[in-house]
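Have a look below at one chain only, the form predicted on its own, in C-alpha cells format.
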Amino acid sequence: MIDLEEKVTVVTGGTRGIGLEIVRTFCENNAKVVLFGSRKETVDKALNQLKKEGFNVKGYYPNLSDFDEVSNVMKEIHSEYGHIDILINNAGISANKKIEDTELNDFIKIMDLNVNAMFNTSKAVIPFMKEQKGGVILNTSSMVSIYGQPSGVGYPASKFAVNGLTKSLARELAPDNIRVNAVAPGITKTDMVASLPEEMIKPLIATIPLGRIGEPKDIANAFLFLASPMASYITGVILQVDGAARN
C-alpha cells in the first residue's frame, strides 16, 4: 500500500474501465477521490458500485469542453476540501475509421475531449496547486502516441498532443513544485476488449512479449506510483505500460 494521506484526487472519465479502476485503486490507498463522468446516470451508477465496495467517493458530470463549467466545479471541490492535490485527466474517446470515412466534425470531437478538455481541467486546478505550492497532474496517453495506428488518425493525433502538453507543462510548472506525467497504456482488458472474440484476441497477445493483455489494475498502479512520493523526482515522463509491445 502507498499511503496517499487523504490527498484530494480528481479523476475525469472515472465511471468505467481504466478510469474506474484508477478511482478504486486510489481509494484503496487512502486518497479522497472525486470522479467526473459524462452523464448523471453513469456517475450515479459508478458511485453506487463503489459504495457497495466500501468506498466513499463524490461525483460530478461537468461539460469538460466548457472551461467556466469545469472551473466552477473545481472551485466547489476546493471549497469543500481546502485543496486539490492530484488531477488525473483520463476522459477520452477513440476512433478507428479511415480518413476518407472521417468527417471534420468527427476529428474535432476527438480533439475536443482528448485535448481541449485536458487543457480546461488542468488550467482550472493549476492556480490552486500553485497556491498550495505543489501538486500532481497525470494524463492518459496511449501506445499509439508513440507508434500511430493504421486508421482512426484523430486518436493518435490527440494522444501525440497529450504527450506534448504533458512534457511542456512539466517544464513550465516545475518551479511551482507541480509534477506532470502521463501513462501510455497498451492493449488493456476493458469491457470493449474483453468482448472481442478469441480469434481477435490471440493475434493481439502474440504482439506482446509478456504474453498477456494488460489489466486495468496494471494501468491504475502506474498512475498510483506517479502520484506518490516515490515519484517525487519524476516529471515530464510518458510511462509506457504495454508489456513491451512494439509496432
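Numbering starts at 1 and follows the sequence shown. Between two forms, the rigid core is the largest collection of C-alphas that superpose within 1.5 Å. Model, not experiment: these values are computed from the prediction.
FYI, the form predicted in complex with ligand NAD isn't displayed, but the following is about it.
Proximity to ligand NAD in the predicted bound form, defined as a heavy atom within 4.5 Å, singles out one entry of 165, 173, 91, 73, which is 91. Here the marked residues 13, 17 and 191 all reach ligand NAD in the predicted bound form, each with a heavy atom within 4.5 angstroms. None of the heavy atoms of residue 121 is located within 4.5 Å of ligand NAD in the predicted bound form. Proximity of residue 221 to ligand NAD in the predicted bound form falls outside the 4.5 Å heavy atom cutoff. With a 4.5 Å cutoff on heavy atoms, residue 155 counts as touching ligand NAD in the predicted bound form. Contact annotation: residue 187 falls within 4.5 Å of ligand NAD in the predicted bound form, judged by heavy atom distances. Proximity to ligand NAD in the predicted bound form, taken as heavy atoms within 4.5 Å, picks out 140-148 from the listed stretches 75-83, 100-108, 124-132, 140-148. Shown here without ligand NAD, the chain has 37, 38 in 26-41 lying with a heavy atom within 4.5 Å of that partner in the predicted bound form. Once you line up the core between the shown form and the other one, the Cα of residue 210 stays within less than 2 Å of where it was.
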